[in-house]
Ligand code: CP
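There is one chain below, alone, in structure tokens, taken in the form predicted alone.
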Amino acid sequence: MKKTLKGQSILEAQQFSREILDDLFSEADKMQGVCKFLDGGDVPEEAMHECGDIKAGMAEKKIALLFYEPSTRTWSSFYVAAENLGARVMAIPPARQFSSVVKGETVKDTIAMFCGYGIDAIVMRSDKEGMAKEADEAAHSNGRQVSIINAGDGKGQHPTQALLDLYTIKRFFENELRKDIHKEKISIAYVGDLANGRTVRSLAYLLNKYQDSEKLEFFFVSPSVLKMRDDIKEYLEKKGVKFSEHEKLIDVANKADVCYMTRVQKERLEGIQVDYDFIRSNCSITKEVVKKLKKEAIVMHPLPRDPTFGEIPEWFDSDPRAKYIQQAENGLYVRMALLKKVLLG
């Protein structure tokens, strides 16, 4: 396993070791100070010098954002992250509507074009599972060191989301509970559309890479038609991670340290009939669930949430256990750290 991210593509959560994750998260902590300095805040002189050194190193780096699917947080956080670091950003309009994909261009040809333009990294979101790996193979076949960063590939994975999710969990345990995450047992309830949600898949992989198996327990909460896919369950069984499946969040709400909520991926249902009333009643944050939640638990969501189904109603936003806005902010720091590690080391 690689001990450095420099020059690497980021394709799946399984590629990270605990050593690399600790180093990346330490860098993300520093990036929060860099952001504070850029915003005109009062920061130590060390952070000022570090910011200058990073910008000098990134000045000639070119990063392309190639998104085939809509995105708010991932697209904008990568854009701001690259600009904060001082890199040059090539932001492609939604590729499905405005690029030569409309004319039938293959990803192989698109990547070859970017290689010819001297791009150093391509942050890529697609609607096709495995497309990020396809792009990585295309980049290598062109003989250029171009890093492909998977920003979500269909029903597959979303490794950078998993990174910011784990970073959020780690910071909460260390900063608010004052606990060493590696020494604590952590129980996580993944709730909602587990069949189509790439964020829950990546986080399940990543947590097992970071935490000892005997200190993890997963609750998969979903209606039967949206259950976690077998590949994840087989992986966890092989690694010895305890997990169980449920249809109602209230059955495990008092056991979970983290409730990771997700929306129904309507765009990926492919004709599957879903009982949305059941989801609203049993796979959402309800007042009954709130009464069961641990006082020290946290509720996360990769966002956007869907007000139609109300997996997290707005009235819960003021609850101190609501961490999804901070989770999204952490994405900026983690993605700055990731770009810096991939492009500079």
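The numbering used is simple: start at 1 and walk along the sequence shown. In this text the structure is predicted, and so the values were computed from the model without any measurement.
If you look for the form predicted in complex with the named molecule, you will not find it shown, but the lines that follow are about it.
Student: What is the one choice in 74, 262, 110, 196 with a heavy atom within 4.5 Å of the named molecule in the model of the complex?
Tutor: The option sitting close enough to the partner is 74.
Student: Does any heavy atom of residue 161 come within 4.5 Å of a heavy atom of the named molecule in the model of the complex?
Tutor: Looking in the model of the complex, residue contacts with the named molecule include residue 161, since a heavy atom lies within 4.5 Å.
Student: Please tell me whether any heavy atom belonging to residue 201 falls inside 4.5 Å of a heavy atom of the named molecule, as the geometry stands in the model of the complex.
Tutor: Outside the cut-off, so no.
Student: I'd like to check something about residue 293: if you look in the model of the complex, is any of its heavy atoms closer than or equal to 4.5 Å to a heavy atom of the named molecule?
Tutor: Although the named molecule is absent here, residue 293 would stay clear of it in the model of the complex, with no heavy atoms inside 4.5 Å.
Student: Give a yes or no for residue 35: in the model of the complex, does one of its heavy atoms lie within 4.5 Å of a heavy atom belonging to the named molecule?
Tutor: Outside the cut-off, so no.
Student: Using a 4.5 Å heavy atom cut-off, which stretch among 23 to 31, 298 to 306, 58 to 66, 275 to 283 contacts the named molecule in the model of the complex?
Tutor: Result of the contact check: 298 to 306.
Student: For the stretch 13 to 36, I need every residue with any heavy atom inside 4.5 Å of the named molecule in the model of the complex, listed N to C.
Tutor: Result: empty, none.
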